Structure formats: C-alpha cells, structure tokens
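A single chain, nothing else alongside it, follows as structure tokens in the form predicted alone.
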Amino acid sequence: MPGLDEKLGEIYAEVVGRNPGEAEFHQAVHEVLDCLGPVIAKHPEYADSAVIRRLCEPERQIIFRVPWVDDAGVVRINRGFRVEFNSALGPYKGGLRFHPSVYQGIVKFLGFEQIFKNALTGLPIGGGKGGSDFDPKGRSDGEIMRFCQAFMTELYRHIGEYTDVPAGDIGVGGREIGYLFGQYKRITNRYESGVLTGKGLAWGGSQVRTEATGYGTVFFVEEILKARGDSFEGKQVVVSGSGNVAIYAIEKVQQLGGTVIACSDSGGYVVDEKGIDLDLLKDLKQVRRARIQEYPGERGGVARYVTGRSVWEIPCGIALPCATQNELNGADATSLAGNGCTIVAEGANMPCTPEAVRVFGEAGVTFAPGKAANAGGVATSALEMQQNASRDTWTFDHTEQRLADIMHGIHDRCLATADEYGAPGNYVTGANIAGFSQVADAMLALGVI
C-alpha cells in the first residue's frame, strides 16, 4: 500500500508476510504506520530499538477448541481466541466477540487497535482482544450458558486481574459475562471480580458501563463541536447499528439537543424524521430482541423502513458509524460529504474503510477514528477495575463525569499532538501518534522484552 516512508514500508511488508490473509490486521497496522513518519524522524530511537516491529507482533496468541452440547444433544465445535498484544502499560485489556466472522485476523486487528485506544485513556491498561466464531443468534439461554462455560474452561488459565482482563464486545453482553464469570469462579474457587468487566451491578459491575461506548463517542463529538464554538443543538444525526453502542449514542445525542433521524441493522435502516423513539427502540432490541423493521409499524406511520440500502444515503450533519468494521466505504463517504455531513466519529472499531477516510479528508469532513472516539467503553471498564480493586461502588453521575473527563482529555490530547506534528485538526494523526508515543516510551523504559 502507498504512503509509507522506506523504513515503515519495510516493517509493513514484514507484517503482511508474517500474517498472510489477515486483511483487517494489515489495514489497522497500515493506518497507524501511515502517521508515524514524522515521529521516527524526530525520535530515531523508536526505530533503532525495534519498538514498532515489537508492537506489531503480539506478545501471546492463544487459539483453542470449544466443544459444547446444543439443546438437541448434538456436540458442536467452535474455535476460541485470545490475543494478548501488549502489556507495556498494564494488564491486557479488551473485549470478547462472539460472531461467525471472528478469526485470527479480526482478533489481531481489534487487539492492535486496543493498544493505542487504551493508551489514549491515560489509564494503566495494555491491549488485548478475544472471542469465538460462535453465533449466539437464535440460541437458547441454555445453549449460550453451556458455550460460555466451555469457552471459559480453557480461557481461565490465561486471564487474571493482574494479567489479562476481558470484557464484552459484539455478541457478548451482561448475560454472557455472567455465565463466563460464574464458570471462572467455579473453576478457580476465587471471587476475583476484577478478572472480567461488564459485570452486572449486583455482582461487581460499574454504573455507565453499558452506556459507555455510545456516550463516550458523543462526548468526543461534543468536544469537536465546542472547538468550533458549536453544539449538538438542532443537529441532525445518523447512527448505524442498533445495538448497545448505537442505542446509547442516540440517547446521549438526544440529551444534548440533537435529533437522530436514522439507525440500522444488518437488514436495512429506519428513518424517523421526528427523531428516533428511544423507548421503542430499546424495547425492540433489548427486551424483545426483535429486528428494527418492526419499528415503523409500532411507531404509528411516521417512520419508514428501507431494506438492502445504506443508511449513509440519508442527509445529516453528523454521522456515527456504530455497527461493525468496514461498514462505511468510499461511495458512502462521498454521499455523506455531498449531503452536507461535517463530522464523522467512529463508534465501532474501524467501521470506515481507508477509501472512506481519504474521501472525508479531501472533502474537509472532520473524522474521529475509533481508537479515540470509542474509547469510552474500555475507559469505563478500567473504572470498573478500580472499583473492584478498592471494593467500592460509584454513583451513575460520578462515573459518567469520570467518563466525560476522560473523553475530553483524549480529544485535547489528539488535537495537541496533531498540532505538534504539523497536522492541525487531524484527529487520525493525533490519535495514532499520541497513543503510539505513550506505549513506545513505556516499552523503551522496560527494555527488550
């Protein structure tokens, strides 16, 4: 891929050669390396000590078999993964994803992104990620419980509150975390609350954890708007997805005065010009686990459902992709820019393709990458770890304020770093360099390990 200086190009070629067929991982590495040319020029010690090469190679990769029995008595086999990528700043921290698309390349891309995202929070956590190609859709509670128990029966030996602290991700919510934690407790005979985050409030969880990624993305955009002397008041917003991240992004936008006019799922999207009815959306997705195509019928005729099309064709001022990786391509970006969108912030992990990011840059659309804009989830997970370590609990308001402060700090750090390296207003450059520098400095201090 073009755009890298000679030394970084060599490193990228090595990454591709050592990790064949892992396109998402290649994409994530290239996006970071593309920003590091000025850093290497200013700090040659990063190249001389092979920090970048070490950063691109996980400290540990674990792949394991997950056998379980479905409700019909049939033995099923899935594959489990945990990539413990970098622990220079603290124990590995990152979610577990249960989805048919999960394979080694997806997990490595997510873990690599997690290194820099976690560094940007300023909290003492390293980067990791894991999951399985198990699909929880259509499975009974009993089947999901048995799968989670089988998954943890292998994973437990690799994790711990001072070693590796998993959380949830796509397909892994409070129910799955409960089953995983129960099996961990059963096997180890320890009530080690800090070994998993995203737990229920009654057994060691944190307020705001469910809302954190969506809220955090909106707090980041709020700071972008403040830097322009603007606010969410009166803004029309489009959000992709309709899971936790999307729902709570919608909630916070509405609280701040904006109007979310569309959201989506894998089948299509809903448009509601009066603003998405959040209570109805929560009932459909969180209570009934239904598809959003049912939304217009229950909304009373003021909304419409569009199947098989991109939600990004809807004109808006702010776009928040909150579904999955590479969901927003160059054509979508061209449509958004042409329809007057001025800010795009990633609520999901790498939902915008490189072509989309290029289009936004050329069109003057402010783009906030996921490693900065969606760091609220892992930040609140780290706050949950703090509460577990101190046997304490915090109120919703206190935790939300901590989250807001962290996101404001990430925004300011990205902006200041972009200015320092001659790219004012470029949040991609700012996020990549700020996150990289923090991890690289810690790696230098710890020696070659």
Ligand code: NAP
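Values in this document were obtained by computation on a predicted structure and should not be read as measured data. The first residue of the sequence shown is number 1, and the count goes up from there.
What comes next is about the form predicted together with the ligand, which is not displayed.
Looking at residue 313, you'd find every heavy atom of it more than 4.5 angstroms from the ligand in the model of the complex. Taking non-hydrogen atoms only, residue 176 never approaches the ligand to within 4.5 angstroms in the model of the complex. When contacts are judged by a 4.5 Å heavy atom cut-off, residue 84 does not count as touching the ligand in the model of the complex. Among residues of the shown chain, residue 213 is one whose heavy atoms approach the ligand to within 4.5 Å in the model of the complex. Segments offered: 332-340, 223-231, 184-192, 264-272. Contacting the ligand in the model of the complex at heavy atom distances within 4.5 Å is 264-272. The candidate spot formed by 54, 88 and 433 is out of contact with the ligand in the model of the complex: none of the three has a heavy atom within 4.5 Å. Taking 317, 296, 204, 171 one by one, only a single residue has any non-hydrogen atom within 4.5 Å of the ligand in the model of the complex, and it is 171. Residue-level contacts in the model of the complex: of 115, 344, 107, 322, one residue has a heavy atom within 4.5 Å of the ligand, and it is 322.
Along 136-150, a single residue, 137, places a heavy atom within 4.5 Å of the ligand in the model of the complex.
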